[in-house]
Every structure is written in C-alpha cells, then in structure tokens.
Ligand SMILES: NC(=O)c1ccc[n+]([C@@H]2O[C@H](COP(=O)([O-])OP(=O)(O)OC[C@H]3O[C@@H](n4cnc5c(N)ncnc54)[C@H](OP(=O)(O)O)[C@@H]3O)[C@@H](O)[C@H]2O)c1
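A lone chain, given as structure tokens: the form predicted on its own.
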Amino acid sequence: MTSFLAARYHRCGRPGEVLEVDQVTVAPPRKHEVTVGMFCAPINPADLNVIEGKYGEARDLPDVPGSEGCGRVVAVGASVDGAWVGRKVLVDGQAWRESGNWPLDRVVAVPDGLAADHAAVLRVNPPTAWLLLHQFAALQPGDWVLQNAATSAVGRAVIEIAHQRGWKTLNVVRRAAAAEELRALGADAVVVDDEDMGAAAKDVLGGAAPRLALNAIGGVSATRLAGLLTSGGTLVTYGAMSKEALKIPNGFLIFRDLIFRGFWLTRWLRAAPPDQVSSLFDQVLRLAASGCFTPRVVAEFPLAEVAAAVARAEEGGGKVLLRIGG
C-alpha cells in the first residue's frame, strides 16, 4: 500500500464546506487495472452537484469527486499489457487525487501531442456534444441545430462539431456580448434569450424548419427553443441550469407532435458496446488534435487548495483546473 492525497467529502453539502484533503492508500493494481498518477483535473458543474447530493445517483461515502482528468499510467495489473506504462490517459471518475487505480476499460489513451490540460476536459463535455448531435436526428449538410446555454463547455463543443460537419447552429445566450466569441468558434447565429428571442431566431432561420434543439436550461428558455422546431422535431434536455421544470404547451404535443428526450452521458456509456465507446473517443480526440475543445481555463489551484478551487468554479466564467502532478 502507498499513501497519496485525495480530495474527499464524507457528507453531502456545500462543496467548499464539506471537501477535505485526506491521505488515502492505493493498493497495487488488480488483474485488469492500471495505476494512474494524475496530472490535472477540471472542476465541472456536475462535480459540484454530485458533492451536493443533487446529481444523477447517490455515491458511497466518503467519495473522491472529479468526473474526468488526465494522468500517466505508472503500473499495470497482471493481465494488462506492460506497454501501457508511461502512457498518458483520461480517467473516468474519482479524478481529484494524486494517484489511483482504474479498470483498463475505463481509461482512454491520449495522443502524445495533446497537452494534459487540454486532454483533461475531453472525457465529459465533447462526447456529450457529439452524441447530442448524432443520436437524435439524421442531420444533413446545411441543417440548423438550435441550442441554449451556448457559452457552456457543451455548447461550445456543439458549435465546433457542427461547424466541422457542415451543420448550422443558432445559439441562444444570456448576454449579447458573447456573440463575437461564439462566432469565432464557428457559430452561424447568436440570439439573446429574452421575450424577443423567438422573433429574432425566425428572422435568422428565414423559413428553415430545424429538427433538433438542445436544452441545458429548462423553464421558459426550453419552451422558446421548442417553439422554433418543425413538426415532429426533437428537443433533447441534458441539463437544468435554471432549476426550472420543462413547460410544454399542450399544442406542442397535439398539433405539432414534438418529441422530448433526455440525455445523460453516464447512462449512454454504461449501455453502449465497447466498439461504440472507442469510436466516440476516437472522434473526440481527432477533433481535439485539430484544435477543437481548447478549454477556457480561468484559474488553476493545487489539490491542497480544493476548497478555494470549488469556490472559484462556482463563480463561473470558464474552467477551473486542479493542477495535481507533473
């Protein structure tokens, strides 16, 4: 057994109040495991929700948070090819730690040319964006995709992927000042999420009838987005930033037959065959190597300052990174 530092919470609550930095022991890797020494890990909104006990499913406590991160394999179990030692990898879960063991089928090899702080943000948001765009509608070149929360990490990834694939994006934001930054990523149109959004969006669409809308906010924002869809179109909800329930007018169902779906990457990864998972990450890493999905890092903190790091992450404005090892 070897001892390492890890951020843990022993009860759910406000992240800055319940997180502790503990000494934890790491055993040698079991037969199908690898031991990874962590370089860095981002703090995602979902990580904070997990610590609060408000996301997805309950965790066994104490728990090490961190839905993704990047590190290097330092040891392998008996049935794992020794060539994995020294490889840079993405880990799936419990990433806010100096070192830990993960099953081999839950790590993803990172191309040598990709920096660790870039790779560390590729496990959650870009795969979510890729699947939102590919699982719910058979999009053709020139088709429009609608989305709110366009400045979020998923929203930005949607713009970059759609631009690469020849699809147009109409992006709904809270502040008009965000438009220039999103257009630089490849956004085709940006409108403000207010009472005039529907009219502004229709002017942009010019009669086009989008079949896919992506919702991460809920409430009236989602209703406005769904109102722009063609009959039989699909609104996919993958987040609930407003903490307001979906409000679906009866006419959306009766007269327009709109489809309302939900998406959670964790559920998809658990159900998908290994070859589909591998193909997903191959696509994401290929796009990352071409320059997509570069994180907007606004602050970095050492693991020992995790309470300050989550406080900064709660302020928003970009990605906060835990810088763990070298």
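Because the structure is predicted, anything quoted here is derived from the model rather than measured. Residue numbers run from 1 along the displayed sequence.
Keep in mind that the form predicted in complex with the named molecule is not shown, yet the notes after this line are about it.
J.: Which one of Ala216, Val76, Leu229, Val190 is close to the named molecule in the predicted complex, taking close to mean a heavy atom within 4.5 Å?
T.: Contact with the named molecule in the predicted complex is made by Ala216 alone.
J.: Can you work out which of Ala179, Ala200, Ala115, Met241 has a heavy atom no more than 4.5 Å from the named molecule in the predicted complex?
T.: Only one listed residue qualifies here, and that residue is Met241.
J.: Under a 4.5 Å heavy atom criterion, is Thr35 part of the interface with the named molecule in the predicted complex?
T.: Output for Thr35 is no: heavy atoms all beyond 4.5 Å of the named molecule.
J.: Using heavy atoms and a 4.5 Å limit, would one call Pro28 a contact residue for the named molecule in the predicted complex?
T.: Answer no; every heavy atom of Pro28 is more than 4.5 Å from the named molecule in the predicted complex.
J.: With the cut-off set at 4.5 Å between non-hydrogen atoms, does Trp264 touch the named molecule in the predicted complex?
T.: Close contact exists here: in the predicted complex, Trp264 approaches the named molecule to within 4.5 Å, heavy atoms only.
J.: Considering non-hydrogen atoms and a 4.5 Å limit, does the named molecule approach Lys247 in the predicted complex?
T.: The answer is no: Lys247 has no heavy atom within 4.5 Å of the named molecule.
J.: Within 4.5 Å of the named molecule in the predicted complex, counting heavy atoms only, one of 256-264, 56-64, 297-305, 275-283 shows up; tell me which.
T.: The contacting stretch is 256-264.
J.: Taking heavy atoms and a 4.5 Å limit, what residues of 160-180 are near the named molecule in the predicted complex?
T.: Counting only heavy atoms within 4.5 Å of the named molecule in the predicted complex, the contacting residues of 160-180 are Arg174, Arg175.
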